[in-house]
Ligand SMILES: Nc1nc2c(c(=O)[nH]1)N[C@H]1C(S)=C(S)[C@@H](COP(=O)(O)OP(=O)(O)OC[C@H]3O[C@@H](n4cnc5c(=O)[nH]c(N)nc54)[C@H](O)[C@@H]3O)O[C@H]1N2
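Below, in structure tokens: the form predicted alone, a single chain.
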């Protein structure tokens, strides 16, 4: 095909982080030729970072799958038809379910960095499997915070966001937005804060990151001591009476318990344990408490380290004790069009995994326990696993434990666009269409007061032999005999959405057991009536109606008109037709208090388990290293690493080996210079890495990036691995006791120079 004389730019979104910035792309044949920011996108408004320019390395590389694969007895794969693959997988799943119960099956994944449209179909598939066992990256990172949110606000899906753009003081803890983003238009926003003399930025991180270099106050905390530092800051606020008594009296309960807890701690000893001067702790407390507004943003740095759930509680107390909640420039809640998470009851109704007895949080189980749930002789062990858009062999803790566990499965099915490391362990591999070959969307819509949703049209036809996840799951559900046909619904849909709605509501009222299968029913009945092949977006029709009924005034403020069902129709029509995204809600700050789910309408500051954990903190310096004198922070974000979505190493412009960063003085003690090779050894394994000296590091700390260690076809024969596979070093045993999040940011290691 010849390139057109006039470039045609198509709107879509970047898929490399949770921001999913709107972009426009110029395509030629099946290539992404040029990429620029989409100014019409309601959130990113034209912003994007340098990584998005490399998206063609995701779309077009030599590891793309174009046929279902079945493992032969000798371990190699053979191509099979879709009909054979669906029939055999469905039969094996049904046999496992009938012989061993639904708890013998599990599901891992459900969308990588923005391909979330298949998620509701995955949920319907889990219903057909008869299992609640759901593992995901969210449960590897965020469930400690979700658990805390449940206690503070009444439900685990009461999720706060941060109004960084309007805050007078912004606090970044364990996050480097310059590289990891996570906030709106990160680099532009950071520069604006840094240049404004009336605004302040506080950064808490073991490494002087690019964000820390812009900060007014940088606290270089020792890894794993965040709870000591945050506790010291909070204790100073209480000591100086820098708390918002009016807010606490009107909106919260439990402050007296929290105050008593904080009054007891030796502030200077806590600060020293964290490696921070008392003066710096006091300055941080003063800046946060005396600002007109203060927003706190945290990420994996405190979510995957020691005391991670406790860190989440203390982080929340920073903005709650100072009254920086539910107001401009503070932290607040947001609406969900399609919720990413649910709520798991505690107490007598609490669900737990069958083997380890680990509790569900937000209806999720942590990947750290999955190998133990498989590699055991327990009669209720997991025997069948379906992995969708995830690569736990590389991305979850303890690669070797995962390989051993997967070898014991009776059935492992992987749905993905590429022959990933996890796919190479599977019995069946099903090729999905790429994110740019199907209708897609992200459910990372976490904005307040204005929230938006972006339904993305495909840029290309699917590669021959691939299918979107909605179609894959629908075929599997039918093959498992879990869903009949609905000819009357199909006929009603052809007459219009109003008669369809009446019949659809009647069906679910008569058969409530079909509710979890509703996405598939909508896909097959309403889906064919949607324009441009947008059948997989059919469930958004129901989501739009539910959203409009729940937040009618906020939806009208976003520009959608109508009363009752017509408001939902207006919202759905806008989502379907606005290819750069559309506003879905505009809230008032006073709406914040309608999100609280405790019966008394208050925030419950006291969490007994967290008070107990805090009281057990001991500021004495640890002296025993057990032969591992360094702390490895596994998973640093850099200019050219992302996740396992990018497999071709040629996408990197620099740092191709994923160098281990170390402080020059630490390097000198080992006789190292930049470019040297060392072995990095943990309790679990050893990897060989290249050294890079960096005075931005804290002494005694080394860092490796994630997204390396992937195999890719070599130019000739065979496959090459590029860079360190860091999860060969991490352990499933090292995890938070409440949430099960791994200690990726605190891995004891030793280094030895290679000749």
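Positions refer to the first chain, counted from 1. All figures in this text were calculated on a predicted structure; none of them were measured in a lab.
Not pictured, yet referred to below: the form predicted together with the named molecule.
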task: Indicate whether residue 312 is a 4.5 Å heavy atom neighbour of the named molecule in the predicted bound form.
output: no
query: Even though the named molecule is not shown here, does residue 17 get within 4.5 Å of it in the predicted bound form, heavy atoms only?
result: yes
query: Would residue 299 count as touching the named molecule in the predicted bound form under a 4.5 Å heavy atom rule?
result: yes
query: So in the predicted bound form, does residue 41 come within 4.5 Å of the named molecule, heavy atom to heavy atom?
result: no
statement: Residue within 4.5 Å of the named molecule in the predicted bound form by heavy atom, from 175, 344, 316, 104, is 175
statement: Within 4.5 Å of the named molecule in the predicted bound form, heavy atom basis, the matching stretch of 147 to 155, 484 to 492, 636 to 644, 246 to 254 is 636 to 644
query: Candidate spot 388, 417 and 433, all three in 4.5 Å heavy atom range of the named molecule in the predicted bound form?
result: yes
task: Enumerate the residues of 495 to 517 that have a non-hydrogen atom within 4.5 Å of the named molecule in the predicted bound form, in sequence order, or give none.
output: none
